[in-house]
Structures are given as C-alpha cells and as structure tokens.
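Single chain ahead, by itself, as structure tokens, in the form predicted on its own.
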C-alpha cells in the first residue's frame, strides 16, 4: 500500500514520463516537491521496492514501457470546432490520440467522458489556444470562467469562455476582435482541460 505522498510522487513520475517519454530526474522530482535530491531518491527507491518503479537503462527511476502503456487512454479527436464566429458543424471522428489523461488532471479516461476537438480560428489566442491546436475536453458541468465547447441555440458550435453577467450566460472570446455572444439557448458539450499544440510543417 502506498502513502498519500508516495501516490502523489508516482502520479508525477507517470505524468512526466507520459508527456516527455522519459522519467524525471531526481533533481526534477526534488524541485517539484521541495525536497533534497537525496530525499527524492529515497522516495523513488521506496516506490521501486513496492513494485511501482524500476531503475531504467539511463539510471533514472521510472515506469517500464508496459506500465506507461497501461495508463494510456485512446481518446478520439473529433472534427474542428470554430474558435471564431459560430458555424454549423458536424462532428466527425478524425483520429485517435493515445495519451494519459492524468497529464490534464483527469484521473481516468472513459468513453464519452474525455476527448479532443481540433480548433480553427483565432478568437481564443489570448487563452493560448491557436488555430490547429487540439483541445482536451471532459464532460462535466461548466463553471463561470471555464472554456467550453458550446452548442449555441441548438444549431451552431463554438469554443469560448463562459461568463455570467447580470444573471445571464455569455460566451466570451480571448481576442478583442470578437464581441460577446449572448445565446438564447446554451448547452455545454464539454469543458476544456488542456491543449496540445500542433506545429504545422511550414512553421517548423
């Protein structure tokens, strides 16, 4: 059985390794948790003794490839959602991304609960969401300030920040070129929990 501290450190190692393809060094673990490198090494060694980590070929304490793979979730990427003016949009699966949902603070990926949408347009650039990015979404009740995939008036979709003013829900861009939207009917289809930057070949 792991202590709460050990579970937190193991989660950090798992998320780091899933995102970077290599486990963190003891220095990085120490920096993350505000302890000495010696203290970080002791925590990692204890996790190894409990069968959670192994010493890899590069000398770092991490998860074996099979263990990393076991925590990956195949999340669908659906068709583009406009980050601009709302548009009629049919959502079609485009690809599958194998990723650990914990990278985005999501404990467990479930079909229909965690997925991606491809962004088009520039209305959310102020939130560091750019044209071509993939946004990770979860299905939960949105809170004011959340960025959501919104179904507007039962016909159009858009990616905007949910705000409430004078008792009314508004959709707000993160680009001053776009005015607030005040839908008569508003349905949140998902809440954004993270972004994957897609670098285009011409920008590489």
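Positions refer to the first chain, counted from 1. Only the largest set of C-alpha atoms that superpose within 1.5 Å between the two forms is called the rigid core. On a predicted model such as this, the values are computed, not experimentally measured, just so you know.
Keep in mind that the form predicted together with the DNA is not shown, yet the notes after this line are about it.
- Comment: the DNA is not present in this chain, but in the predicted bound form one of 168, 177, 143, 50 has a heavy atom within 4.5 Å of it, namely 50.
- Residue 43 belongs to the set of residues with a heavy atom inside 4.5 Å of the DNA in the predicted bound form.
- A residue is said to contact a partner when one of its heavy atoms sits within 4.5 Å of a partner heavy atom; residue 188 fails this definition for the DNA in the predicted bound form, lying far away.
- Proximity of residue 156 to the DNA in the predicted bound form falls outside the 4.5 Å heavy atom cutoff.
- Under a 4.5 angstroms non-hydrogen atom cutoff, the DNA in the predicted bound form lacks residue 139 among its neighbouring residues.
- The candidate stretches are 144-152, 157-165, 26-34, 131-139, and the one lying within 4.5 Å of the DNA in the predicted bound form by heavy atoms is 26-34.
- Taking the DNA as it sits in the predicted bound form, the stretch 1-22 comes within 4.5 angstroms of it through a non-hydrogen atom at 3, 5, 6.
- Core-aligned CA deviation for residue 192 between the shown form and the other one: less than 2 Å.
- After superposition on the rigid core, the Cα of residue 164 moves by less than 2 Å between the shown form and the other one.
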